[in-house]
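Before any questions on how it binds or moves, here is one chain, the form predicted alone, in structure tokens.
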């Protein structure tokens, strides 16, 4: 019962402002005659037709496929490379100029390059998302691995733990909070690059519908797609926070135990 009340209270805190803004938008646009800012009632009708029910599954499938594969690839590559750089300062110093050079290039700026090298297709979109979203995970993993308590490493060595076991059982769990912080940023970047990638040579997905509505002057469909993108981003963030809470439950309990007053 207490958990349910806490969930309701947290949901009310998060949703009161969006609900208030939607209500203000509804009444302010009720008699709107502007072709660029139609009534919210018509926008929500378009949103319901295109992004709810069976239509949502069909229209969102290309976007979610690219997003899941690209984000997953970015996390795996970022954690792997970041762990190597965090464990070897010599390797990090040798590769730092190249990494800083590549990191300075925005992911969306590489779209023409990926089209020329890979072509227009799902593989290009996945690799483009991964190449742009990998950096927050990589940098946070490197910093998290380096921040592992040296005493824990020395104790593991004294007990005869091998390098891979130390990495799996001590170093990566200690770096997990920072890895999740980088993955949260990478998720937002993945959504942006996914939308941009779908504006070129696509036949479905949020980016395709957004560009098609803009080009055909279907303003209500355009606004409906923007709302769908916002809802998708919110739901992805909720899912990510839930996953983080489950995986890092031990970390929260440990921090609570440290902050508890001693008797």
Partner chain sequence: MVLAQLGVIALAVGLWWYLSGVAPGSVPSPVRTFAELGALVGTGALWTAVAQTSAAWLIGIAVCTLVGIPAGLLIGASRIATDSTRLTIDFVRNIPPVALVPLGLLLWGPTRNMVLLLVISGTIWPIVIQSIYASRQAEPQLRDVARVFHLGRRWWLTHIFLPGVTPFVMTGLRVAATICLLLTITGELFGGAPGVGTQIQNAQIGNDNPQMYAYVVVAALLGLLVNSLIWIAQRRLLRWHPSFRKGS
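Rigid core here is just the name for the largest C-alpha set that superposes within 1.5 Å across the two forms. Note that this is a predicted model, so its numbers are computed, not measured. Residue numbers count along the first chain shown, from 1.
Below, we refer to the form predicted together with the partner chain, which is not included among the displayed structures.
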Quiz prompt | Candidate spot 42, 44 and 80, all three touching the partner chain in the predicted complex (heavy atom, 4.5 Å) | solution = no
Quiz item: Should residue 51 be counted as a contact of the partner chain in the predicted complex, where contact means heavy atoms within 4.5 Å?
Solution: no
Quiz item: Is residue 73 close enough to the partner chain in the predicted complex to count, meaning some heavy atom within 4.5 Å?
Solution: no
Practice problem: With heavy atoms only and a cut-off of 4.5 Å, decide whether residue 27 touches the partner chain in the predicted complex. | Solution: no
Quiz item: Is residue 153 close enough to touch the partner chain in the predicted complex, meaning at least one heavy atom pair within 4.5 Å?
Solution: no
Self-check item: Members of 92 to 106 lying within 4.5 angstroms of the partner chain, judged by heavy atom, in the predicted complex
Solution: 93, 94, 95, 97, 98, 100, 101, 103, 104, 105, 106
Quiz item: residue 242: CA shift of at least 2 Å between the shown form and the other one after core fit?
Solution: no
